[in-house]
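What follows is one chain in structure tokens, specifically the form predicted alone.
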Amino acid sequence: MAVGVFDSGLGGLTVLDALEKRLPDVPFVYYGDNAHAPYGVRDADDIFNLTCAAVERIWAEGCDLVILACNTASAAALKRMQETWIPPNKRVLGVFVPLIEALTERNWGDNSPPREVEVKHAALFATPATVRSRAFQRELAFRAIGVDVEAQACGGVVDAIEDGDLILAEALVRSHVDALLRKMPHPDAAVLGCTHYPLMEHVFRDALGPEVSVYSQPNLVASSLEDYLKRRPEMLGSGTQRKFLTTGDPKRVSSRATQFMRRSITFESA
């Protein structure tokens, strides 16, 4: 009954943590492609090929359903994967839609025409590849009208987090928020469009100020998956073992993961 969780690095652990709290009886297989992180500076074909290879490895662990807990992969590869690559008996889901559903106050499966929503000015913080893809704006347009989106490519933040340099990560976050606010001085809402960013959520909130609603993905994705599995219990795979897999150095990745999540996490080679 295992479910897979994929990220280019460690950011997806923020989603995994929420998933395990919401679904404690489900064994999750986490795969971090740390050897090729970050994905945010790669081109779309590269992201597609790396993501497909990772998903195939997770399927081999008995996971018929894989969550792309990576906004860059969700933005740059998921649509192509769903249209051309994923077999009928498997599912790969992204992390954008639950966030946009929360932002637009729409329930899962609400296919009514797009409508005006309370949020009028939304700031998107994401990797360069996610910003280039415009996937957030595309998904938002299916559900809402009249929302002005200003995107800020947050170069360097993922690298700093993966390197364990949280002082540099905080400085970069504040710099990127300042750059966004120069373009959009009064956002109603801010979307943290990378699963690494919840590790810096307190910095984003402080830099943006209390009047800006901050949307972060882990709990939203966990709630969405719980609902999905109630409707599609057959997508629970045959796997029974909880695992942490990495393409990087397991010792180094385990140390970083333990530091970030403040609990012991042991990775093995993928």
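All values derive from a computational prediction rather than experimental measurement. Numbering starts at 1 and runs along the sequence shown.
Omitted from view is the form predicted in complex with D-glutamic acid (DGL), to which the following refers.
- When contacts are judged by a 4.5 Å heavy atom cut-off, residue 77 does not count as touching D-glutamic acid (DGL) in the model of the complex.
- Within this chain, residue 200 is remote from the site of D-glutamic acid (DGL) in the model of the complex, having no heavy atom within 4.5 Å.
- In the model of the complex, D-glutamic acid (DGL) lies within 4.5 Å of some heavy atom of residue 193.
- At the 4.5 Å threshold, heavy atoms of residue 204 stay clear of D-glutamic acid (DGL) in the model of the complex, well away from it.
- Exactly one of the stretches 56-64, 226-234, 208-216, 36-44 approaches D-glutamic acid (DGL) in the model of the complex with heavy atoms within 4.5 Å, and it is 36-44.
- Although D-glutamic acid (DGL) is not shown here, in the model of the complex the stretch 54-69 places heavy atoms of just one residue, 69, within 4.5 Å of it.
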